[in-house]
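The chain below stands alone and is given in structure tokens; this is the form predicted alone.
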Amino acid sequence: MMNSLADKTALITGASQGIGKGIACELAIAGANIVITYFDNPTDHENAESTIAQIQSLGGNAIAVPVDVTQETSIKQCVELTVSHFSGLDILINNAGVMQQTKGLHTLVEEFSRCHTININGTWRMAIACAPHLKACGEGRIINISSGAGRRGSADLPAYSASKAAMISLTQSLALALAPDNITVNTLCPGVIWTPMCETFARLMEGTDSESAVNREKFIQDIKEIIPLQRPQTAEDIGHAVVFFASSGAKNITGQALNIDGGINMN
């Protein structure tokens, strides 16, 4: 779908690494101008600069903006900068999110609040801030990144799973509310992709602390055994789906949740 998004501008939250980075690169290959957001700390800033350099090496045009999705002022400034820099906004990808740090019944109430505040409230705030500009472009797109964990409950990840299930419902509500403005809203439910968040999950499953090394190869092999297609997913897989949902080919698709998990969830 080379150049299928030429002259479009996409804003991707939490895109300095992992799935967000894969999405940003695929959108750039498709011709879109890219704005990536990252949390304002030295590590994320370095990762964001690396992502921008990679996008530019692909021939793309991109900028990085530090954003706190829990703060309306920070979001407003980011959206205004995006619209000013690229003369509009066509696509919003809500990818920023966090995972809980403790497992199962040990999960603290505070972790439910943190997952909801960032994963759900942040998605809502970004959508509301971007909606007027998405309406103005005439064919706006919002694509939320949920998770396979949002498809069914999880004994190990109750806070994270609940927040991602809520994102699917929020997607449907936004799709209904924004349909009169010709803005489609869909969500993607990735399976297991090796990212820093996945590494946190692996540590939870192994019961190791943040300083301990994770046996990545064993973890991936164990996961492959529950995937019908017998292979883990990649950030690029998610990026390809985002490009489709952002294109004119998906103009009549809204309020949907698509699993990209090799067949783990089929619905």
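Heads up: residue numbers just count along the shown sequence, starting at 1. Computed from a predicted structure; not experimentally measured.
The next section is about a form of this same protein that is not shown, the form predicted in complex with a small molecule.
Every residue of the trio Asp44, Val69 and Tyr160 has some heavy atom no more than 4.5 Å from the small molecule in the predicted complex. Using a 4.5 angstroms threshold between heavy atoms, Thr9 stays clear of the small molecule in the predicted complex.
At a distance threshold of 4.5 angstroms between non-hydrogen atoms, Gln100 is out of contact with the small molecule in the predicted complex. The closest heavy atom approach of Gln17 to the small molecule in the predicted complex falls within 4.5 Å. In the predicted complex, the small molecule lies within 4.5 Å of some heavy atom of Lys164. The single contact residue among Leu178, Ile168, Ile193, Cys78, judged by any heavy atom lying within 4.5 Å of the small molecule in the predicted complex, is Ile193. Of the listed positions (Leu174, Ile143, Ala96, Leu89), a single one reaches within 4.5 angstroms of the small molecule by any non-hydrogen atom in the predicted complex, namely Ala96.
Stretch 146-154 is the contacting one of 132-140, 102-110, 146-154, 80-88, since its residues have non-hydrogen atoms within 4.5 Å of the small molecule in the predicted complex.
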